[in-house]
Structures are given as structure tokens and as C-alpha cells.
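One chain comes next, on its own, written out as C-alpha cells in the form predicted on its own.
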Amino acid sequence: MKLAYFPGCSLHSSGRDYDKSIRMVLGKLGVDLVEIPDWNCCGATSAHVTDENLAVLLPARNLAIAEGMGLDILAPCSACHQRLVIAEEELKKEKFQKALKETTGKEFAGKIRTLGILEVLMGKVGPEAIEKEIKTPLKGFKVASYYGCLIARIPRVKTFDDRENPTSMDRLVDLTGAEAVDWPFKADCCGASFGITQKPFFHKLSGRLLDGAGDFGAQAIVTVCPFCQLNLEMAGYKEAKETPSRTPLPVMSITQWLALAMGFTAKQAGLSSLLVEPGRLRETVSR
């Protein structure tokens, strides 16, 4: 299977360990990723609240390039994925098709789709193929799958998973031998960019998620959004510094978790970059 790869701004910067683990895991599963040449920022998170044309045309240019490659797109970042999928819908309107042609000289006929990492793993690759690659079962661990508020709730668009109770990441966790905890905050907001503008509000939202995961017995949190992962890590790190008696939860991407279960080392999976030391998990897998 070959896919056009849209890393977006995060996966080439703060989310580079996510990018690395995606390439490792999908490479192991026989998925060939071809990075979209000359890709541009999709406009998340501000374009869609400032300018309607900009919100569509920024992701639309990437769609047009990928369509020229003849490949569906993998957009692992939840925000990027949402902006590209919404652009696909908006480009069904003549005014945006005209604007795309006039602004970029490109056209988009809707012959390709944008996929998220969970749809690629569970919908395209499939659980049977993933299970065959599990070399180091992560038994004895309880994990909270955190989807965030974007991946399953794209406005006016049918998504791969249930909008209110997504389960695809939970099933991936179970495939690794760990136990996915059943908790009610899996699709709540982590605070997003409020971490920059309204820190008390941000820490309240993220702290609620961290406390909730811990209360339901989780020893780690996995996610698919690099922004969510960073937010929860920062909130947990702050909590640990302010309350030394509390043990914060390590937060990592689902592909980092899968990489460990597939036999990659802790170093290869990027555990050394986590703000919260993964403790027993590091002892379970090879260094």
C-alpha cells in the first residue's frame, strides 16, 4: 500500500517522535509513505476563524498535489486531518474550485481521500496484520486511549469512528497485550491553544483528563494528536513539579506504543524525549 504523506508543521518539529514512530510502524506493516512534495501548512489552528478562502485553499493545494500523485493522503495530526477533510467537502462548491484555480493554478477533482492514522491502521492495514507484528506484548499495563475532540468530530462529515465513543485506538491497545481502560473523557478537549492564551483554563481541562485517566486505573495515555500529546505532557510535568507526591502519567502517541510492542527499543520509539519518565514501561522493553 502506498500513501501520500502530509506531516504538517507539527510532525517536523514538536511532533518529530510521532513522525518517526509512524514511519517505523507503517514500514513494518508494508505501507509506503511518499511525502507530498512542496506541501504547505494546512492553516490549523487559526485560518478557519480568520478567512474562509484561506481556510479552504491552504489545505486544498495539498489535496491537489496528492491527487496529481494518484494517492490517498495520510494526515496523522488530528488538526491537519480535519482541515484537509473539510476542504475536500468545501471543494465540491464551484466558488472554491474557481478560487483554487485562480490562486494556485491547481485543480482538485475529488478522486482521493484524506485518512487519519487510526483509519489507516484499523481500516486499511487491519488488526490481523498488526497482531502478527507484535513481538513484545505489553501485558500488565492499563492504558487510556485519548482521541481528543477533533479526530471523530469533523463537522458535517461522516468519520471513521463513533463521534462520541470512538473505540479504534482502544482496540489497537488491546492488540498490544495491554488493557484499554474504559473512561468517559476520551473525546473531551485538552485545552488546545488555551495553553498559550489562558493557562489557568488550559490546566483545568488538561488536569481533569490526567486525573480522570489515573482514577480509572491507567498507567499511561496514548493519543493520535501531537498537540494533545504535548498539552497533556506539559500539564503532567507542571503537576509533578508542584505536587511531588503525585505520580504523573506518561503520554505518548499510539504509534510509539505500537512500536514498543513490535519490538523496537525504547530509544527507537523516542521514550527519552518524553517529559514524564515512563518508568516500568521502559523496564519492560529493551533499551
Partner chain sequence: MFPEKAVLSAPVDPGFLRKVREESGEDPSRCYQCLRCSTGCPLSSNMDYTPHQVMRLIQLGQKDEVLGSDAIWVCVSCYTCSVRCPNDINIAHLYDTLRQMAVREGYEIKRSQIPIFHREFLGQVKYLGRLHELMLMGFYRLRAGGLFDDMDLGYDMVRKGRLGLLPSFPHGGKDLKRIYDYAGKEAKTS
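Residue numbers count along the first chain shown, from 1. The structure presented is a predicted model; accordingly, all values stated were derived computationally and were not measured.
There is also a form predicted together with the partner chain; it is not shown, and the following applies to it.
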{"property": "The unique member of K106, K142, R171, R113 whose heavy atoms fall within 4.5 Å of the partner chain in the predicted bound form", "result": "K106"}
{"property": "4.5 Å heavy atom contact, R16 and the partner chain in the predicted bound form", "result": "yes"}
{"property": "Non-hydrogen atom contact Q82 with the partner chain in the predicted bound form at 4.5 angstroms", "result": "yes"}
{"property": "Close approach of D38 to the partner chain in the predicted bound form, 4.5 Å, heavy atom", "result": "yes"}
{"property": "4.5 Å heavy atom contact, T247 to the partner chain in the predicted bound form", "result": "no"}
{"property": "Location of the partner chain contact in the predicted bound form, chosen stretch of 113-121, 68-76, 91-99, 128-136 [non-hydrogen atom, 4.5 Å]", "result": "91-99"}
{"property": "Stretch 156-170: residues contacting the partner chain in the predicted bound form, 4.5 Å heavy atom cut-off", "result": "R156, R163, E164"}
